[in-house]
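Quick heads-up: it's one chain on its own, the form predicted on its own, in structure tokens.
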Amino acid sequence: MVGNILAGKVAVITGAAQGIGLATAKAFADEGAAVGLLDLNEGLVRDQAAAIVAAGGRAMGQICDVREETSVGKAIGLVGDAFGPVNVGMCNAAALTPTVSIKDLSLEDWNQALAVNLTGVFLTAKHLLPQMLSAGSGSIIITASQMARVATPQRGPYCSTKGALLQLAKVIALEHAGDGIRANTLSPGGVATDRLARQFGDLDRAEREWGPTHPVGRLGQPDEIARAAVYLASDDSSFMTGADMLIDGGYAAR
């Protein structure tokens, strides 16, 4: 353990088996939070949680399909039962959307993006809020994207769903400001993750082709986004709600 910024916090992170979600789970645990790692990949997420425990943290892994309300409610409930009411939630699960024009996009792929990227966040927030009301306060962090602000050809489902998340966070923030519950979005630029490797074929290609489109000249690293999530989860950001934290290497400033 290296810090205590999040001591006493109980956190849930969806899409936590790898990438930004996993980096954030480790960072939360390092700062003293008890962390529930939720992911559709049950074996991997349990292994990742076990590794955090072996390193001295408090964590548990739980299967969760954010498209299914029963699955979401059960997973969050189990974390609350194990560690106490959840007062930090990071809605991070996202679908790998196809790179294709709107005219060629299938309804199936469009609906999958909506189900995971948007409805999945709605369901996660819906089941986090009663936990946070019980805890007396809370912080909901929604992983959006720089693509919530700037459009890219052939990324219609991704840009659309990520843009909607900025508005969803604002609504939650306004509805629960009086309850001590905050909601913010965290918008990364291109980040070197397994997900990006699948999109481009490998990370070297992603760095070559997409890194230079960021004014800083490179892709981000998961740990850089995780440190921002720690801030949003902590009491240091107590005056911040309904806002978007953009960490994109200058991409949206072009």
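So that there is no doubt, residue numbering starts at 1 and follows the sequence shown. Quick caveat, the model's predicted, so the values are computed rather than measured.
One more form of this protein exists, namely the form predicted in complex with a small molecule; it is left out here, but the text below deals with it.
J.: Between 159, 169, 93, 113, only one gets a heavy atom within 4.5 angstroms of the small molecule in the predicted complex; which residue is that?
T.: Selected option: 93.
J.: Which listed residue (46, 218, 195, 58) meets the criterion of a heavy atom within 4.5 Å of the small molecule in the predicted complex?
T.: Only one option qualifies, and that one is 195.
J.: Heavy atoms within 4.5 Å of the small molecule in the predicted complex: which of the stretches 76-84, 125-133, 98-106, 142-150 has them?
T.: Every other range fails; the passing one is 142-150.
J.: Contact check in the predicted complex: 209, 213 and 249 versus the small molecule, with a cutoff of 4.5 Å between any heavy atoms. Do all three pass?
T.: Checking in the predicted complex: none of 209, 213 and 249 is within 4.5 Å of the small molecule.
J.: Answer yes if any heavy atom of residue 67 is within 4.5 Å of a heavy atom of the small molecule in the predicted complex; otherwise answer no.
T.: Yes, contact at 4.5 Å.
J.: Quick one: does residue 241 come within 4.5 Å of the small molecule in the predicted complex, counting heavy atoms only?
T.: Contact with the small molecule, no.
J.: Any chance residue 34 has a heavy atom within 4.5 Å of the small molecule in the predicted complex?
T.: Although the small molecule is absent here, residue 34 would stay clear of it in the predicted complex, with no heavy atoms inside 4.5 Å.
J.: So in the predicted complex, is the small molecule close enough to residue 237 to count as touching (4.5 Å, heavy atoms)?
T.: Because no heavy atom of residue 237 falls inside 4.5 Å of the small molecule in the predicted complex, the answer is no.
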